[in-house]
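Just one chain is shown here, as structure tokens, and it is the form predicted alone.
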Amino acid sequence: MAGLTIKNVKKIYDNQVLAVAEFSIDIADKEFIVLVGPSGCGKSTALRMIAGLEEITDGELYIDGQYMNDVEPKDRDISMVFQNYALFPHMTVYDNIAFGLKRRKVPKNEIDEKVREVAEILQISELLQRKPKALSGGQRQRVAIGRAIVRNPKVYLMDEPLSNLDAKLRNQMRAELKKLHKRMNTTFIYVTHDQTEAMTLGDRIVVMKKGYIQQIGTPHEVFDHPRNLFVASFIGTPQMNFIDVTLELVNGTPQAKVMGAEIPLEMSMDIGLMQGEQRKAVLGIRPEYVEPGTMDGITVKIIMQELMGSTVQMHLVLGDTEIIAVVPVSDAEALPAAGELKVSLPADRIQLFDPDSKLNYEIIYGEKEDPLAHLQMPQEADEA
């Protein structure tokens, strides 16, 4: 069992391509951390540096308080699960799981005990004498996970382990991984491009783009208090609605104006303006929080409705901006299918972003300190 400390770690390849920049985080013992972001954001490279499969260009890595930069992968007491399973095709499931223990010359009776225990945990006991070609994708992934956990290492690293599975199996394996983490009671670091996996699995999420950390927080913090426009757009399905607005104080009350309509903001929201001043901003609100069919509010035009099971996604147009409202089916039945209606944007659900820095107003004008303020991110790293 171990915590990790990663201080200002960088990865610059020989061709001077910056893959990871100033990556810093303290990971507690037994914590489940998820690195998430689009392809090429540096999440897998960061994981491989922790594993020792990539050399750290600069910065420091500590596992259980020990400096690890120059320690060989085999001596770091970590196990890694890869996207492509990496099973030995000529070996049985039993031998694949036992492989690492055999290399460490663990006694045969101890190997047998551990392999069968892990197989029972992962519900693959009946597969131990099969070879990988006779297994389904989900079964192969369980074997790969079994091979990783059988050694009981200090840290488990997982690089997009569910990406080759179909949607139903991914949902099932997500739940299994969550149970496994609780049962193993150790540190997990998990890489994915799927924000749903990140939100459901992680104790904390590290959102990355173009080598830079964009935000570190709990799923709740990242969803309801995104640090910048990129995080706001990347986390959440459907993504957050964005509306260009003009901010001003009306009789001392902060307001956002769009298409001649005034959207009241929370009285406590500091928008950094004096009476009579105006400023452009981007208003963000999650589709789940848009309230259509109100008596007053903003007039929008209905484009279409999509039935998503228990909810309906209403595609609406405000001026030249398309927004989405997610409403229960029972509520949608009382709304028109075409034409116009009014929507309300609850003040306590609104986020404001600066169109230049892309930062949330909570960061710019709030009392909360920005833990990433020291990073000199290139402008495009923050763009939505």
Partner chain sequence: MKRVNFKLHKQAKPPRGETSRGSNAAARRKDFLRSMCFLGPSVLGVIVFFVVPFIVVIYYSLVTNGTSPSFAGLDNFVSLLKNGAFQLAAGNTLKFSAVAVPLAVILPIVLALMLEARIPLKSQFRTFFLSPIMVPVASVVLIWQVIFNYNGTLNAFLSNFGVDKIDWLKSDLSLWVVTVLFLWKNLGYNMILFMSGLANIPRELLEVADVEGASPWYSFFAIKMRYLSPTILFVAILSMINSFKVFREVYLLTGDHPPEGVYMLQHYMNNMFNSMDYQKLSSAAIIIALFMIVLIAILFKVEDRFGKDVEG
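Only a predicted model underlies this, so the values are computations on that prediction, with no experimental measurement involved. Numbering follows the first chain given and starts at 1.
Heads up, the form predicted together with its partner chain isn't pictured, but that's what we're talking about next.
In the predicted complex, its partner chain sits within 4.5 Å of a heavy atom belonging to M80.
Using a 4.5 angstroms threshold between heavy atoms, L53 counts as touching its partner chain in the predicted complex. The closest heavy atom approach of K358 to its partner chain in the predicted complex falls outside 4.5 Å. In the predicted complex, K74 approaches its partner chain with a heavy atom inside 4.5 Å. Using a 4.5 Å cut-off to its partner chain in the predicted complex, not one of R183, E288 and R349 places a heavy atom inside that distance. Note that among 101-109, 183-191, 292-300, 206-214, the stretch whose heavy atoms approach its partner chain to within 4.5 Å in the predicted complex is 101-109.
Checking A86, M308, L273, L169 for any heavy atom within 4.5 Å of its partner chain in the predicted complex turns up a single hit: A86. The partner is absent here, but in the predicted complex a heavy atom of K131, alone among K179, K257, K280, K131, sits within 4.5 Å of its partner chain.
Contacts to its partner chain in the predicted complex (heavy atom within 4.5 Å) from stretch 151-175: R151 only.
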